[in-house]
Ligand SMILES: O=C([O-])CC(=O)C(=O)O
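In structure tokens, the next block holds one chain alone, the form predicted on its own.
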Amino acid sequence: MKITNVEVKTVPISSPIRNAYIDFSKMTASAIAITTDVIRDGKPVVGYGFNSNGRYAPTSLLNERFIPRLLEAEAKDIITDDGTNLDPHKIHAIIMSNEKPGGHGERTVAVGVIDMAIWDAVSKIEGKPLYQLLAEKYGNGQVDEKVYIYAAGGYYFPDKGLKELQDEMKGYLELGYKDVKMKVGGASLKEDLHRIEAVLDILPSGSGLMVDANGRFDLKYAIEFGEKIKDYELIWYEEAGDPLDFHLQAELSKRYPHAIATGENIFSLQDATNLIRYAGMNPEKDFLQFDCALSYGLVEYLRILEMLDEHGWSSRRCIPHGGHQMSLNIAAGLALHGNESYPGVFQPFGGFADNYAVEDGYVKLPEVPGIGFEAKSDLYNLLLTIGK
């Protein structure tokens, strides 16, 4: 068993939207295809992967460092001890060889791209959906038959007023979502409060709202903003300050009485450990949003889950960033709280399988081997073009 070919390309996922920190007018992603010599249904097994939105394509890093290490490895060093499949943990060690600790940077994204494709191939070789494989190997064997998802939107957009914001959120509710999230921090405090109130005005009973500052605030403003929104009883207040400012997070946690969410820009086990140690996060009410596709992949995510368990955190407090099928598989197979969703943006990478409607805030997964890219036609058609 061996890897016979690896192809990668840069793909645009640009959009005129912006959050409090960046616009997405030049956003890109790396997409990869890893071909093996294993034959299923008369064709070689190919694993596909890509990186989540919010970080630019790490294609150069992939081509210069990580793909060469993978291709130079001996076949026996990348397979399981019994020789029946690729071993994601051994492959992770190989592609991370000769890398110094710390200073994680964009290499976390590059490794996550390869990792996703390897897990796609591994589960296809097993003939199982990835979520089933994960439940059997790392969970209790039970799969969540449906996964809670919320609609992330409310981006700043040219000429987008309160009515347009309300119409956007109404559209998500009509699609079957129950809870919605919107951006804050890209306007004045007064304007953001008006925007929040406008969304709350159109949400029916039983629906809730999250707000996301994308790390924009300093400590003083984060606390002031929290004070202004506390009576709204939002589902959570997300990423108020810099993701590595654990002091800010700890001080905010002392003052803001409701749930806080963060972690989408925490990209390693060590940084995740420090977040839990020093940021004052509450395992009874707060949420963690680590995205394996940006943070060294599922191999590292499994280590993070183990760390969380040792610190008294349930996997049910984890709800990954990204809004893609990889995170959805992890949520279903490893008993997470749920998954993010981006209706209508970051396509074709965002979103889930065709013909699986969102119902009351939940979505089901297809019973196809791998991550399920083949069940999302627009994404699969793009993935087929890699290397061509």
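Every value quoted in this text rests on a predicted model; they were computed, and no experiment measured them. Just count from 1 along the sequence shown to find any residue number.
The same protein also has a form predicted in complex with the ligand, omitted here; what follows describes it.
| query | in the predicted bound form, which of the stretches 113-121, 189-197, 276-284, 209-217 has residues with heavy atoms within 4.5 Å of the ligand? | reply | Answer to the contact question: 209-217.
| Even though the ligand is not shown here, does N19 get within 4.5 Å of it in the predicted bound form, heavy atoms only? | Yes, contact at 4.5 Å.
| said: How about N339 - does it come within 4.5 Å of the ligand in the predicted bound form, if we only consider non-hydrogen atoms? | reply: Contact check for N339: no, nothing within 4.5 Å of the ligand in the predicted bound form.
| According to a 4.5 angstroms non-hydrogen atom cut-off, is N53 in contact with the ligand in the predicted bound form? | Yes, N53 lies within 4.5 Å of the ligand in the predicted bound form.
| said: Can you work out whether F246 and the ligand are in contact in the predicted bound form, taking contact to mean some heavy atom pair no more than 4.5 Å apart? | reply: The answer is no: F246 has no heavy atom within 4.5 Å of the ligand.
| request: Give a yes or no on whether each residue among F24, Y155 and K181 has a heavy atom within 4.5 Å of the ligand in the predicted bound form. | output: Verified in the predicted bound form; spot residues all in contact, yes.
| query | Quick one: which residues from 252-274 get a non-hydrogen atom within 4.5 Å of the ligand in the predicted bound form? | reply | Only E264 sits within 4.5 Å of the partner.
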